[in-house]
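First, one chain by itself in structure tokens, the form predicted alone.
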């Protein structure tokens, strides 16, 4: 059932072309824009403080990424979050580096207090850090499998009242009541910069198509599975990082709901 809902959300993105307002890091801004276009969404990379509030109000979803989070971006993100809240738009946050830089947890907490959060997408080390637990990290990257991640994702989902997507070898998604495991993907996704940021951007596009809180869980699963399937398809054509990045964007462009239904490896269970 979760795979069917995820596939329907992917189809809705292509049909409705949601406008995704992104305040993301300077390293992967182009990657996020291109992956959104390939998925059928419209990206807008608007991080100007004077424009962020009004632009969030006319957008379909807001994506905030902490990768290169300078003071100007932080101020714009706060304004955009208020704009998204006032218009009833979903907010997706990727707390990049919060396991290595604890200050970023406080920023996420302030955004949550101001406007709420629909989806938190992070690697497993980051999700552990949000729950006050320790995980092995190297810079902004999570280091290997993380014991207890399913329980921790559920705790974090309850703490923030949202859906949590913890990415890794097997991705874990929780809304505090249900847990989904997504086993799509290939190791090459870890050899390019921005695969996590792109996944977060796709979460925002999918969140824009969620009709209610129940569908937000499926939206996160849809985005994570879409990225994993695209990685599998890209790896067939390219086995080096540079060509793989190009093949990844091409692969996302060709993935339909039908393909996700056939290739999506999503298992779900009640907590």
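Just so we're clear, the structure is a prediction, and the values are computed from it rather than from any experiment. Positions refer to the first chain, counted from 1.
Just so you know, the form predicted together with another copy of the chain exists too; it's not on screen, but the next bit is about it.
(Q) in the predicted bound form, does residue 101 come within 4.5 Å of another copy of the chain, counting heavy atoms only? (A) Flag for residue 101 set to yes.
Q) Would residue 212 sit within 4.5 Å of another copy of the chain in the predicted bound form, counting heavy atoms only? A) Because no heavy atom of residue 212 falls inside 4.5 Å of another copy of the chain in the predicted bound form, the answer is no.
(Q) Considering non-hydrogen atoms and a 4.5 Å limit, does another copy of the chain approach residue 159 in the predicted bound form? (A) Residue 159 lies outside the contact set for another copy of the chain.
Q) Heavy atoms within 4.5 Å of another copy of the chain in the predicted bound form: does residue 183 have any? A) Answer no; every heavy atom of residue 183 is more than 4.5 Å from another copy of the chain in the predicted bound form.
Q: Could you tell me which stretch in 174-182, 161-169, 190-198, 83-91 has residues with non-hydrogen atoms within 4.5 Å of another copy of the chain in the predicted bound form?
A: Among the candidates, contact is made by 190-198.
Q. For the spot marked by 229, 259 and 268, is every residue within 4.5 Å of another copy of the chain in the predicted bound form through some heavy atom?
A. No, the candidate spot makes no contact with another copy of the chain.
Q) Going through 215-243 from first to last, which residues have a non-hydrogen atom within 4.5 Å of another copy of the chain in the predicted bound form? A) Stretch hits, in order: 239, 240, 241, 242, 243.
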